[in-house]
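Only one chain comes next, encoded as structure tokens, the form predicted alone.
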């Protein structure tokens, strides 16, 4: 059985102070349901990807909040897996369909981050780290700075190569009206921006963002009624984990969970990495996209910075990456990111991405990372 992406819905990403988390979740959900053409009462289950709502707003029971607001009575679940919450929600929804428990499932990824002060968001996000790292006073910029330093020392990756990631993703975001930062920036802007945790600067980092995405997934029992261009399927879905504490890893310059999960997902899809024509990867910090290129196998270990700087991942390159703008420029409402990635690849495979359309794209991949790689979710989508 194949899993059909029947409908997609996405809000604007940004500082959306006039909307609540529920407003955003419902906006994306109604759009996805309408896009699917499926009666909402035929939705068998709702999976909600969210990381922070319990800590910053005290609302933990998010599944029923959304189903009751939609006016449907079905199974509902809130899925938390740090910044991979959205990808995990997609994965678990797929398992429910494959098991035959559900036929039509709504997956919602939503996060409202800008209503809380930055120190509270920083504290809440650190729930994705180890207790030892928290006690040491580390933050995620500091953890990724350690990974950046390790990669630079081992492979000679340069600050300019890191900056190329931000410049490329801002260019892509400039073509995406729903992006948090829909404008271009220069190499100099990145290199001279405020230091956050050396060598990471402000423009190496993804922002605090509000937003929601939703998809309707269905068992592909009969696609004859769908126009050919709308037949997009998830053919691979895999999750892998690693130590939550960086100090326990053999290498700080790679994510083993990405390597394991991508191998499994590609095998499920009957594809190889060379078949992938477009990807959305988890660029929470610029080093994360560089490591993703290497761990996924788009380029050899240690060459990710050069691979990106040479234009391979830019629109028009051999495999465009983060055409949405990625986490860096489209934004990173943490529970929504993994769902947004699925929406972007679906939009590309439907050939409806407009100015950022990748020509002849028929197979794509998403990589959604929780924490510093303790959880990684990989999906493969095909027409």
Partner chain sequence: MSSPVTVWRHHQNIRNYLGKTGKIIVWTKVFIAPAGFEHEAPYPVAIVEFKDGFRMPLQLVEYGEKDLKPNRRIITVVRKLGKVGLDEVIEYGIKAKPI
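Please read these numbers as outputs of a predicted model, since none were measured by experiment. Numbering follows the first chain given and starts at 1.
Separately, the form predicted in complex with its partner chain exists; it is not shown, and the next lines address it.
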{"property": "Check all three, 119, 135 and 138, heavy atom within 4.5 Å of its partner chain in the model of the complex", "result": "yes"}
{"property": "Residue (of 193, 174, 277, 197) lying close to its partner chain in the model of the complex, criterion heavy atoms within 4.5 Å", "result": "197"}
{"property": "Option touching its partner chain, based on a heavy atom within 4.5 Å in the model of the complex, out of 186, 248, 300, 158", "result": "248"}
{"property": "Residue contact check: residue 145 to its partner chain in the model of the complex, 4.5 Å heavy atom", "result": "yes"}
{"property": "Its partner chain contact in the model of the complex: residue 252, any heavy atom under 4.5 Å", "result": "yes"}
{"property": "Residue 150, heavy atom within 4.5 angstroms of its partner chain in the model of the complex", "result": "yes"}
{"property": "Partner-facing stretch of 284 to 292, 150 to 158, 206 to 214, 103 to 111, counted where any non-hydrogen atom is within 4.5 angstroms of its partner chain in the model of the complex", "result": "150 to 158"}
